[in-house]
Structure formats: structure tokens, C-alpha cells
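Below sits a lone chain in C-alpha cells, taken as the form predicted alone.
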């Protein structure tokens, strides 16, 4: 039973959670992506090949892309839309009145579900306009058909979970190594804030109000990550050279790094970064997959190889299992500890840069509470707080479990206070299971 829990329990929990939230969020879906827009335009071109069409959407990037796909598909079928209106209900009223005053005949308003709910596109308002403007007397409002599907399993939500888990999971790689050596690092959230603020401050200093080039962005991001790595290395020195408990050292570093973030930002206000190239580092995609998710996968593959197939990985486990026996066996214990704390700082810095890129700001208030989420992901993933045991792939599953729970509770409208209780209870259960296994209790 213990073997089953340790090897397959977290995977089973993840699958079970996904199944539960898929069932709990089974709802009518109202598609409005580019492919849906093309399908609607193809329907119009086949069923109403001579119709005059007005395209109506909300003023958002996604809706504009949806409208553009309708327009392009209609024009390819030799149907030129009268106009594309992306805005508020009053904008739609103004456009309908303009068409009516000009006597322009309108047959179809192509829209999507959200806009179709506006009163201006309802039957009552359209009848009022038709009474005033005869050219609007036979207007049809067409929108894509809905379908039933779990909101949890929609593409947008799955990508959201991927983006949500990426930063936590990346830092959790290094936290896994630290905890395997029987250490802890409470400073990662503050290092995230410092790194993001430093990257933003450097970009502003080097580029001013202009658009920073790639060399400027590379230097700013590298400097921020390097500083975080050096702070992590300093933590390792304090732990190894002076034999100070990691809990105390990293608690102090947490306060120092947060204070440095405020000093660099000159207060609690974030530093904005007006750069599309910088934003695209985290907001961009490759083959439809968010860049942070791709980076997360690459780092996990690398860390898996490091921990499972290299001497350094074996040393990390040996230090956590019995540091004195490891030392007597020739393992460079101090250098191993310096390495894991430096890597923990570096990946925290990388996480800070990623978050600053995603939100286009270096925020000295970011990363608050992240250290608890990251440690929770490691523990839920099966790494022992006593050291010597754990797998980075288990940490990835642990991070996914936390992200799925968080996302699922948000979708099912669970209040934030209950979420805090759930996550706290989850951590306690994970630690309890770890203790039960370490004492070899029977289930």
C-alpha cells in the first residue's frame, strides 16, 4: 500500500480531480474563436449568398479576431460586409441608425453570444428600429450554436492552468533539490519580486522611453536572474560555512530581498514596461503552447536527467539521506549545498522575470505567499521534508494538483476563505502521509 501511495497516489489524485471538475463544470459553451467565426461565415455564404451583412462584436482582442475571421471568409465568398462594429451597445445603435438613415438594406447581423444578449439586438429594439427605418425591417441576428462541454476542459482554461502553474513549477524544481538535502528556502517569493523589479528598472535605465532592443532585454533579464542566483549562493554560504539553520537564513533573506525590491522600485508602486517584445516572452506562444509551459517542460526534462542520471543528482540525495556518511564517502557536501541554494535563487529570479513579462510590470509586491505554494507543490508531489527522498516529476504533478484545485474552485465559485482552508488542509495531509511513510506505519 505504501508503494502504491508513493508511486501512483499523486497521479491518481490528479486524474480524480480533473474528472471531478470536468463533471462539476459541465455547462453550455458559447464559442467565439476564429474557427467558429469562419464556420458562421461559411453558413451565411451558403444559406444567404446575396445577403448584406453587418458584423457586431465587443471591443476586445479575441472578439476582433473573431470578427476578422468572419470578414475574411465572407469576402472570400464574394460577400463584402457593410461594416465591422467592435464596441458598446450605443455604438451598435449609432451604426444601425446610420444605415437606416442612408436607406441601406441590412439582412443579417453576424455576432456572438455575448453581444447577442444586448437589448439593442433583441427583438423589441430591432422592431422599433424597423418601424423607423424600413431598410431594417427584415434583420436576422445570427450567432454560433452553443454546445455542452466542461468549462474546465476548454482550451482557454487549460492554457490558463498551464500559465498559472508554470512559474510555481519551475521554482519548485530547485525547491525539490533543496528539500531533498533536508533544507528549506523561504526567500523565493521575495527573490521573485526583486528580480522582476530589477529587470524592469534596468530596462527603463537603458532604454528610457524608447522601445528596448533584444540586447537590452537579454541583459536586464540575465542581470536579474544572476543577482538572485548570487543571493541564493550567499544563503548557501551562511548555511554551510556558519552552520545556521536554513529556515533562519532564508527567513532573513526573505525580508532583505523584499526590502531591496521596494528600494529599487522607490516604494510599493510597480515599474511599468512598455515593450511588446518583453511581454511576448511570457505571453507569447509556440505551436499554440504558451512559452512558459514550454520552458517548464524543458527545465523538468533537464532536471530529471540531472537528478536521475548524473553523479550530482546522486550527491544531492546522499546529502539529504545522511550528510556525515556522504562526507565520509567523498561527497563534496558543502559544494552540493551551495549549488542547490544558488539554483533555487536563480530559478526564483527566472520566475520573477517571467511574471514581470506576463503582466508588463516589475511589482515589488509580487510573489507574496509563493514560497508556501512552492513548498506545498514539492510536498504534495511526494518529496520528504526529512530529506533524501523525492522526485522532480512528482513535484510537477504536485504543482498541477494545486493549480487544478485552485482553478476548479474558482470555476465552481468557491470563496477565497474556503480556498485557504482547503490548501492548508491539503498541506497538512501531505505532511502527515510523509510522516506515516517515514515511520513505516501500515495503512
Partner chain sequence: MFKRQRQWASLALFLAALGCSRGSGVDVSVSVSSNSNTTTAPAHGGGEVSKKQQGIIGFSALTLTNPFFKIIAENMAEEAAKHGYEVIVDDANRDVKTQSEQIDTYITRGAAAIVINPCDRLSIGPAIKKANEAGIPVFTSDLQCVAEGAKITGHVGTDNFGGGKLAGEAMIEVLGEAGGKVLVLHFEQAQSCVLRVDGFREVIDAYNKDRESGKIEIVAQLDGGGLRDEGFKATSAAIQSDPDITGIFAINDPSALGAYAALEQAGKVSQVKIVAFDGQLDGKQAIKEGKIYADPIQFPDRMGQITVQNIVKYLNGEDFEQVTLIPTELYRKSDADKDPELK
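Residue numbers count along the first chain shown, from 1. Because the structure is predicted, anything quoted here is derived from the model rather than measured. If you superpose the two forms and keep the largest set of C-alpha atoms that fall within 1.5 Å, you have the rigid core.
Omitted here: the form predicted in complex with the partner chain. The next part is about that form.
Residues of just one listed stretch (74-82, 222-230, 137-145, 173-181) have heavy atoms within 4.5 Å of the partner chain in the model of the complex: 137-145. Exactly one listed residue, out of 334, 125, 258, 204, brings a non-hydrogen atom to within 4.5 Å of the partner chain in the model of the complex: 125. The listed set 306, 120, 295, 281 contains one residue whose heavy atoms approach the partner chain in the model of the complex to within 4.5 Å, identified as 120. With a 4.5 Å cutoff on heavy atoms, residue 268 counts as touching the partner chain in the model of the complex. The partner chain in the model of the complex is approached by residue 89, whose closest heavy atom lies within 4.5 angstroms of it.
Put simply, residue 237 is far from the partner chain in the model of the complex: not one heavy atom of it is within 4.5 Å.
The partner chain in the model of the complex is approached by residue 40, whose closest heavy atom lies within 4.5 angstroms of it.
Contacts between stretch 149-177 and the partner chain, counted in the model of the complex as any heavy atom lying within 4.5 Å, involve 149, 150, 151, 153, 154, 157, 160, 164, 168, listed in sequence order. Relative to the superposed core, residue 41 undergoes a C-alpha shift of no less than 2 Å between this form and the one not shown. Once both forms are fitted on their core, a CA shift of 2 Å or more is seen for residue 112 between this form and the one not shown.
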